[in-house]
Ligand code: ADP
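Presented below, as structure tokens, is a lone chain in the form predicted on its own.
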Amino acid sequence: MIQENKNTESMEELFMTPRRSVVFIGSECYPFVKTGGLGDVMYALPRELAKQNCDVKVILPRYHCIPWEYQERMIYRGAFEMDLCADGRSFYVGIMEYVWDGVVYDFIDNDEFFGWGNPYTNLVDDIPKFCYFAKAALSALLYMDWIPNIIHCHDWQASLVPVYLRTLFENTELNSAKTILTIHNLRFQGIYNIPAIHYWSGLPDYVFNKDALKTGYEDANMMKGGLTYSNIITTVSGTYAGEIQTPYYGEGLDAHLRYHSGKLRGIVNGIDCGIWNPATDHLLYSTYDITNVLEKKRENKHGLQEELGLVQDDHKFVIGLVSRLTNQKGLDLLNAIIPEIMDEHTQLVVLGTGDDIYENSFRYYENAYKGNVCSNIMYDETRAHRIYAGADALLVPSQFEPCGLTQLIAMRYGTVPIVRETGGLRDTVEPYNMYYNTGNGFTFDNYDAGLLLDAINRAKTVYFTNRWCWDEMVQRDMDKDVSWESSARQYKDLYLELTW
């Protein structure tokens, strides 16, 4: 009751702060289209900001792949022709609107750019597509006469928005808006030759210099341009904000980010605690909360073992891995030590798709350790929920991880994370301290297979020899606030700071 009162008072304070209008511009958003964590953020953060007294709009491409159940409920808001290319070539811009849960979603409609296939294909097609999208998003705001306080852009696909705003839109009403560019994954930057980006964007010559878009001798970098022209740069964890200013993590932009470090912030993502809630999750074998987690997790473990054809044994230590199977996720480390992990007390459950080398190696290990390794080379939402609930520990040994959501989901489900200390993993997982019985997971620092093995063995030692300590850690994890509420408050504070 005391906690509820505190939350109520805190929300009342938020509604006493000045209201701000914010437009999110990005290339994907759950449930319309999602390929990764960006889609989750574009869905969850605007909804939470709307609850915190912000006027929120989201602008997205109207991809052909958006399910018809959403498309049929979109309302036509208008259309116009927009000059785009350096030679004056123009394109149709349609605006279709969908209102849901306090957020207005406006979809930019153009079959030539968005009417085929998946949201991302290859740079030859994606560069023109997202040059068009960035300018069309700003043009649509002017057409609708919706002038926001903040324009919040996400990743390289929307990174030309701040560049357009300070150049071709400089003398429009939109010039009063402040811009934020959020980096979700710096590895993807929208780099292509200068003549192509110059033609498709129609931007003035002077932005193609080494301090803005130019990179190397003949390429333009859309992300770099957005970083230059935005008022604030954010990324999805404090540690990652520091890491990307170093050559190892900076993906060639570390010097540029160091130069702009004064406007760089890190804010950790949250998760949607309505979707990820073990007390109401109908996909689980047995729902549970912090009061009965110890008993109910055993039931979920038994159900998972039965479904996947594993040896059914409550005393097995079940390690889960829910991940894209790529080198970024540290799977080369895991591959190197699986034979040392797999003793008679351990089981491993993998779910994901990706590079052939990892898909094939996990298939091999499933065959080599029948009954104790299950490799699900696919993505299945139901199975993901059941792994989070049925596993004892979740593995996230990433080479780099801007934020990471799987460790947050794992904690929500009382599954102890074993992670590498990088990016958001470092910011959200406190290493277990055996002397004080504190912490909520097991970590290792350097990117080394032996250190990963050591972290797993430390987890197994606590699980088998100090079970009461393990059980308390499970409950600490479930008690941790991993919701969007705190993150959204930090973003709202940032909006107020920019527009005060």
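Predicted model only: the values in this text are computed from it and were never measured. Numbers follow the displayed sequence, beginning with 1.
This next part talks about the form predicted in complex with the named molecule, which is not shown.
Residue contact check for Arg77: none of its heavy atoms lie within 4.5 Å of the named molecule in the predicted complex. The named molecule is not drawn, but in the predicted complex it has no heavy atom within 4.5 Å of Asp205. For the chain shown alone, Met222 is not a contact residue for the named molecule in the predicted complex, no non-hydrogen atom being within 4.5 angstroms. The named molecule is not drawn, but in the predicted complex it has no heavy atom within 4.5 Å of Tyr192. Only one of Pro148, Gly270, Gly94, Gly352 comes within 4.5 Å of the named molecule in the predicted complex through a heavy atom, and that residue is Gly352. With the partner removed from view, the residue among Leu334, Ala177, Ile233, Val322 that has a non-hydrogen atom within 4.5 Å of the named molecule in the predicted complex turns out to be Val322. Exactly one of the stretches 83-91, 125-133, 396-404, 363-371 approaches the named molecule in the predicted complex with heavy atoms within 4.5 Å, and it is 396-404. In the predicted complex, the named molecule lies beyond 4.5 angstroms of every heavy atom of every residue of 428-458.
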